[in-house]
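This document opens with one chain alone, in structure tokens, the form predicted alone.
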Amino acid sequence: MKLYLAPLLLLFTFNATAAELTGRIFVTNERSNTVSVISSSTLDVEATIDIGERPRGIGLSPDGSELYVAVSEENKIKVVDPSSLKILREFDAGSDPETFAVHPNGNIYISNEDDAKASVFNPKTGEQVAAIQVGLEPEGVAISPDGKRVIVTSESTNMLHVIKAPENIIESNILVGSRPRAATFTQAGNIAYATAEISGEVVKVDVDSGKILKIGSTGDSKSKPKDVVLSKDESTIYVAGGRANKVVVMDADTLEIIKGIPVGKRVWGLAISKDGKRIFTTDGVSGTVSVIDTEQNEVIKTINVGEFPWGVIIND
């Protein structure tokens, strides 16, 4: 592992409490095989971690003390200390682990694209807890805040698979637009939003009934929507517009477009800060992260990272 640390990192005490308070933004760089570490106070890259071949999905343990990175070409999840930035351990995570989400109980739900399944792992032991057959090319994974439901999107089957947790039983399969990529839940967990890349849509779903409530267009023929996040007050959703090179701001109730925010080329990943004031985007082709002020819905800074940044998470 190559690790480049700015001098200020020496100020951190390396324990779980410090890890929870780092406030750092972590970005996977798919072609650089690295993770960029951004300071939330300066919005500058303060370190780069050499992580392995083709890192994409990224997440944090519920207490913020461990960072998980899906290293797709190695079929592994690597575990990093968010304070010292050292790799602690790794474990096999099935074929081509791409996207995952962390359950409140600490387990990781992973989409294994090649095997048409979602795998559940205990990241402390590396043990596989369950395997759930889903549609072809599973991609996005989202978990409700209360942990009672998991959504896995299957790109080629064009479905959202709603899974009851921790029983890991499929409750419903919801047919949506072409090539669904990502999903997110409301805080109450009864409503979810998902993107459909090829049809250029966002769907709003009643998770209890398994019914689609609304479908909204991202309004641009070049748009290939990928990630989606919900504002803190749940009045607005932010959608990564892919080839449209913008983040589409939509009314969470009506799915009408409020604004398009220009960012870097091929925007993929999104992460929103806990206070809801900032959104960080991964702009794949540009090799940048755009920082959006959600009060103004404008980019306030662009940060150069590695090649093809893909996933982003905030340790706040």
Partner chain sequence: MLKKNIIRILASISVVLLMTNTTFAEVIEVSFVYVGKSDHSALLGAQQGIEEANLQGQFLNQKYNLEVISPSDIATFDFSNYIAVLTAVDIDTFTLLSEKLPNVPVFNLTIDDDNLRTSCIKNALNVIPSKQMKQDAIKQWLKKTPESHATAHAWHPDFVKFAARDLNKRFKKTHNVEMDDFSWAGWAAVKMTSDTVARTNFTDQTKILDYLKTKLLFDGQKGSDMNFRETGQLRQPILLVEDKKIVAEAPIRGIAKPPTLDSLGALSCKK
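Remember, it's a predicted structure, so these values are computed and weren't measured experimentally. Residue numbers count along the first chain shown, from 1.
Absent from the display: the form predicted together with its partner chain. The rest refers to it.
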(message) Test of understanding: in the predicted complex, would residue 220 fall inside 4.5 Å of its partner chain by heavy atoms?
(response) no
(request) Indicate whether residue 206 is a 4.5 Å heavy atom neighbour of its partner chain in the predicted complex. (result) no
(message) Residue-level contact is defined here as any heavy atom of the residue lying within 4.5 Å of its partner chain in the predicted complex; does residue 135 satisfy this criterion?
(response) yes
(request) Indicate whether its partner chain has at least one heavy atom within 4.5 Å of a heavy atom of residue 130 in the predicted complex. (result) no
(message) Given a 4.5 Å cut-off on heavy atoms, tell me which of 101-109, 232-240, 153-161, 82-90 is the interface stretch with its partner chain in the predicted complex.
(response) 153-161
(request) Tell me, out of 165, 176, 142, 228, which residue has a non-hydrogen atom within 4.5 angstroms of its partner chain in the predicted complex. (result) 176
(request) Any residue of 192-224 with a heavy atom within 4.5 Å of its partner chain in the predicted complex counts; write them all down in order. (result) 198, 224
